[in-house]
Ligand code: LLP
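One chain follows as structure tokens, the form predicted on its own.
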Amino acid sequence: MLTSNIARDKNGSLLFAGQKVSALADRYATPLYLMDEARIRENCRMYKSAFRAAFGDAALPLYAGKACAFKQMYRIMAEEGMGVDAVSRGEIYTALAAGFPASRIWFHGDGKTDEDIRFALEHGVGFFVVDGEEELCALNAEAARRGIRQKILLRVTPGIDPHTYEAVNTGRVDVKFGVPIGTGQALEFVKAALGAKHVELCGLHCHVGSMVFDESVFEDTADLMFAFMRRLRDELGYVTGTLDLGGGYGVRYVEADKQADIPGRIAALACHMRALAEETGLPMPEILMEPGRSIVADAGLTVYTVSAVKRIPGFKNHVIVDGGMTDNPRYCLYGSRYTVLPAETDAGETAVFDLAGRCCESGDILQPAVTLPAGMKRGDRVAVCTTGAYNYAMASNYNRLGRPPVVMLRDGESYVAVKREEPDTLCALDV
């Protein structure tokens, strides 16, 4: 199977986190997001252990909440000793509502409003990751009004292409995030931060993109960042105390995808960075990274019920389900690949189908050309694997459809972490 938490029992029924998928669908109805709590915790512990071994006790993985954010997720992150990366007031509010400590929140985003800045300062958010000089000026002014010094990192753009999906490539010079090093603007950005009286410049942040499998990407990024850090020391007398390398390790969506050895890659990166520190004469900074997808993606499985099967001889077959682009827009947005499995046996004759959604939109395709039992019919169940990241997080109410519930699986039991959106929920904000 694609991941170790997916299996089939002796009768061929699909199991996720050891529990029968069709029985969970009967209990909670579909569409249904399932999440394996043990896998989330296992992934957090893998990162923390790898960080301690590679970079020492001061290094910290920050969970990128944009991958999947709701209160129970933040409770898990608090219990596992993670920091979190938040990109909006909503994510900060959710984390705080779950009891997550504000001091371990890093506030990101390239378009923070004045209200965002005030909210984060009022609630004692630990760090701002400042995306540009206008934000720096606004933050400095608001901190001055409060008589405080706010800890910050500066987001700079190293100018690297990690050869990932274009839509999630964030490292090139011309992306909307951060301030580029190559144009000389990042140096001026640091000067401005050092001259701002009500912020404390703690270090630098960079992020090269998502779904990174190329083993050299983070090492290449470190080369550029250490060269820039040496320039900051030599020209400005500023020694970088913290370096946040962002996130981006890839996960397996289909059998052809590689399995990333994340602890091994982190160990190799640490060795490379120690050599850079020795070569440049710089102290090794405290290291942060921001895993999101690789914490939650393989902890998720989405279950659907088949509404219709349409066979068009000589052309194409469609399996249409009770969800679609509203609960998983990633194929529509990026052409993302997924593994699709029948909830019951996968033995016997098969056929190729496009897995389509229920939205009134010809582009509502969850996955084209998937192999399923030839006799698929209304009422059958199918599961889409590796949906823990950017599915619930990106879900919408298009066609006035409610978002599915999130059901956590733990120790052979299950519980609702996020309720299903019902029609009255959809009207709650209408006037």
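Counting begins at 1, following the sequence as shown. Note that this is a predicted model, so its numbers are computed, not measured.
Unshown form predicted together with the named molecule; subsequent notes refer to it.
**Q** Would Gly357 count as a contact of the named molecule in the predicted bound form, using a 4.5 angstroms cut-off between non-hydrogen atoms?
**A** No, Gly357 stays farther than 4.5 Å from the named molecule in the predicted bound form.
**Q** Please tell me whether any heavy atom belonging to Met376 falls inside 4.5 Å of a heavy atom of the named molecule, as the geometry stands in the predicted bound form.
**A** No, Met376 is distant from the partner.
**Q** With the cut-off set at 4.5 Å between non-hydrogen atoms, does Lys112 touch the named molecule in the predicted bound form?
**A** Flag for Lys112 set to no.
**Q** Against the named molecule in the predicted bound form, would Met394 count as a contact residue? Criterion: heavy atoms within 4.5 Å.
**A** Residue-level check for Met394: yes, a contact with the named molecule.
**Q** Partner absent here, but in the predicted bound form, which of 285 to 293, 145 to 153, 272 to 280, 298 to 306 has residues with a heavy atom within 4.5 Å of the named molecule?
**A** That would be 285 to 293.
**Q** Identify, from the list Ala343, Met211, Val340, Ile266, the residue with a heavy atom within 4.5 Å of the named molecule in the predicted bound form.
**A** Selected option: Met211.
**Q** What residues in 44 to 67 sit within 4.5 Å of the named molecule in the predicted bound form, counting heavy atoms only?
**A** Heavy-atom contacts to the named molecule in the predicted bound form: Ala64, Lys66.
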